[in-house]
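First comes one chain, alone, set out as structure tokens in the form predicted alone.
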């Protein structure tokens, strides 16, 4: 396809976050690209029964996309795409599907459009591979939450109270809308059960290594309590309810 003058063609690896309908035949594809961050592009004819795009735009598909800008328009236009890796089959299991929906929703809420963030892209790919290989939800999502907050500059201090700055002792607390952990003296009325300091240190240590290495190690304890806290911090910074958080809780 010939690219019009003044509309540069862009090539990048990308992960499909979600799609929405556009008219009777097209789709708007929300992508996290390796080179240019989060983008939205129109895929012409993607809703037609015999579309040339096939299943390329299933959520969380890893592809190589060729996209060009359209003059004076916010939406880009998808020129072509090649499959790198599909994560579709693993989503036949409902809890994995919910987990991948969560990844897409958080990525869209926390990352601004058209701001390059290669580390976030590599994180998303690593977490998808972790879900695919292990079939486990908790540790991949905990790893994702930890690093999304760290990359955004929102990761709370695990050692000192967010309010008074003192050491939190052996247990830390948080409540709805929390941006950080607080000590027993500063805990809010609606505080959740205390998070043991050892659990927090274990999570920080685990997330200091590649996810695939953590998943290969013998599972010691359960990091779900720390993950739920990190989800609460993400909800706070997203500044709106995340639909998938409730779905994850229903799944346990």
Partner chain sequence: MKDYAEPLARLIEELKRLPGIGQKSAQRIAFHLQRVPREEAERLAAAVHEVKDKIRLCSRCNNLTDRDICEFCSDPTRSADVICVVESPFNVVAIEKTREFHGQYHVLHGALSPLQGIGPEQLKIKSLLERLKGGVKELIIATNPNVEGEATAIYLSKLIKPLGVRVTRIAMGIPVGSELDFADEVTMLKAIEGRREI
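Since this is a predicted model, take the numbers as computed values, not measurements. Residue numbers count along the first chain shown, from 1.
Omitted from view is the form predicted in complex with the partner chain, to which the following refers.
Listed residues 134, 138, 97, 80 were compared with the partner chain in the model of the complex; 97 is the one with a heavy atom within 4.5 Å. Looking at residue 54, you'd find a heavy atom of it within 4.5 angstroms of the partner chain in the model of the complex.
When the partner chain is considered in the model of the complex, residue 49 lines it closely, a heavy atom lying within 4.5 Å. Taking non-hydrogen atoms only, residue 58 approaches the partner chain to within 4.5 angstroms in the model of the complex. With a 4.5 Å cutoff on heavy atoms, residue 86 counts as touching the partner chain in the model of the complex. Partner proximity in the model of the complex, defined as non-hydrogen atoms within 4.5 angstroms of the partner chain, places exactly one of 172 to 180, 89 to 97, 121 to 129, 143 to 151 at the interface: 89 to 97. For the partner-free chain shown, 101, 105 of 101 to 115 come within 4.5 angstroms of the partner chain in the model of the complex, judged by any non-hydrogen atom.
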